[in-house]
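A single chain, nothing else alongside it, follows as structure tokens in the form predicted on its own.
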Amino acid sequence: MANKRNATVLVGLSLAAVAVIAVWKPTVLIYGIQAAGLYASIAIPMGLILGIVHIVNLAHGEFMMLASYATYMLCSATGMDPFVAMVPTAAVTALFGFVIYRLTIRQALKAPELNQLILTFGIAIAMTQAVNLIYTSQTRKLSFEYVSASIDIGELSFGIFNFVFVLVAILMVVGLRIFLTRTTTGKAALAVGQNPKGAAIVGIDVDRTYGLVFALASALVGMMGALFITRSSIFPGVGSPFTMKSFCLVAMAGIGNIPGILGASILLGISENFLKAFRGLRGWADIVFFVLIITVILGRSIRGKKA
């Protein structure tokens, strides 16, 4: 009862805070939600891997970076739009992710967690350095007219293109829910995530399921890499911050709570843009996610001690 009451109070306070921000600085809310869509779209695949394969992929952002470079090369060579290019890019990234899983991740699944972290961190460094050697550290950017689309509401003017990421995040949550609850492969993945040994006893190929989930998550983050280039410049180290933010959001939401990642992303996006609204606090916006994750971990530790 107390937990429900606390949750109700928290939701009420959050809605009140959103209402105040919407009246005081509506652009903070608008751009905060847009940023949340981008963060959630990138973090959800990491949450899928952690929830089912039970490994933290510290090369997550680098998969997105590689997909962005692949999209850049494809669009530059053919004139293809990134919204079209994201289909072949996602397919290639899925294949690449499956190969990486078979050659490396698979071998470390039963190893200590520290070894897994070192392995995926090493993969991330290798990807970054390989791209740096091939393409140098030069920043690359593609320009598209539709990215600058905006809308005016009274005296308020804001860009609308980034709402695409909000739509993508919602579609990911809904699509993964349908996949995991209504398809045979998805139900098998859920079973493996909950109890790998029990799933193996009833005839589910655990290793194959892990590989498919890793490939699916790679495809999703590859798709986001293709869309990412529509709004941002790319360089070899562009993926690292998104790895950290994705891990923060997954930790805040809780392992396996994919819809919760969307809520945590909204909190992060609005918090960052709230600080950016004050000139003297803009520099703190880049570390707000560390503050949030520390707060969440301390809160859970305190609740655990009381229980």
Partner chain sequence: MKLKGSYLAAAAATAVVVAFPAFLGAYPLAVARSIMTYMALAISWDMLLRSGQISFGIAGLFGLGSYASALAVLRGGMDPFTSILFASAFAAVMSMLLGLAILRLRAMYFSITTLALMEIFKIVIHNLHDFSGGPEGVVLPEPIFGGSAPALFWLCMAGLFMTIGVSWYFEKSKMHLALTAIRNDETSARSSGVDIFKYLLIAFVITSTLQGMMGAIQVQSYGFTTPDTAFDANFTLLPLAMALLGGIHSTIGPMAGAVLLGVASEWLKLKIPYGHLIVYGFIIILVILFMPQGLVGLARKTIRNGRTGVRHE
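Quantities reported herein were computed from a predicted structural model and do not represent experimental measurements. Numbering follows the first chain given and starts at 1.
The following text describes the form predicted in complex with the partner chain, which does not appear among the structures shown.
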Is residue 125 close to the partner chain in the predicted bound form, meaning a heavy atom pair under 4.5 Å apart or at it?
yes
Against the partner chain in the predicted bound form, would residue 298 count as a contact residue? Criterion: heavy atoms within 4.5 Å.
yes
Is the gap between residue 114 and the partner chain in the predicted bound form 4.5 Å or less for some heavy atom pair?
yes
Report yes if any heavy atom of residue 121 sits within 4.5 Å of a heavy atom of the partner chain in the predicted bound form; otherwise report no.
yes
Here the chain is shown alone; which of 95, 130, 147, 73 has a heavy atom within 4.5 Å of the partner chain in the predicted bound form?
130
The one option of 107, 139, 157, 181 with any heavy atom within 4.5 Å of the partner chain in the predicted bound form is 107
Three residues, 172, 175 and 242; all within 4.5 Å of the partner chain in the predicted bound form via heavy atoms?
no
Name the stretch, out of 96-104, 216-224, 83-91, 160-168, where some heavy atom lies within 4.5 Å of the partner chain in the predicted bound form.
96-104
Given a 4.5 Å distance limit between heavy atoms, list every residue of 172-202 close to the partner chain in the predicted bound form, or none if there are none.
none
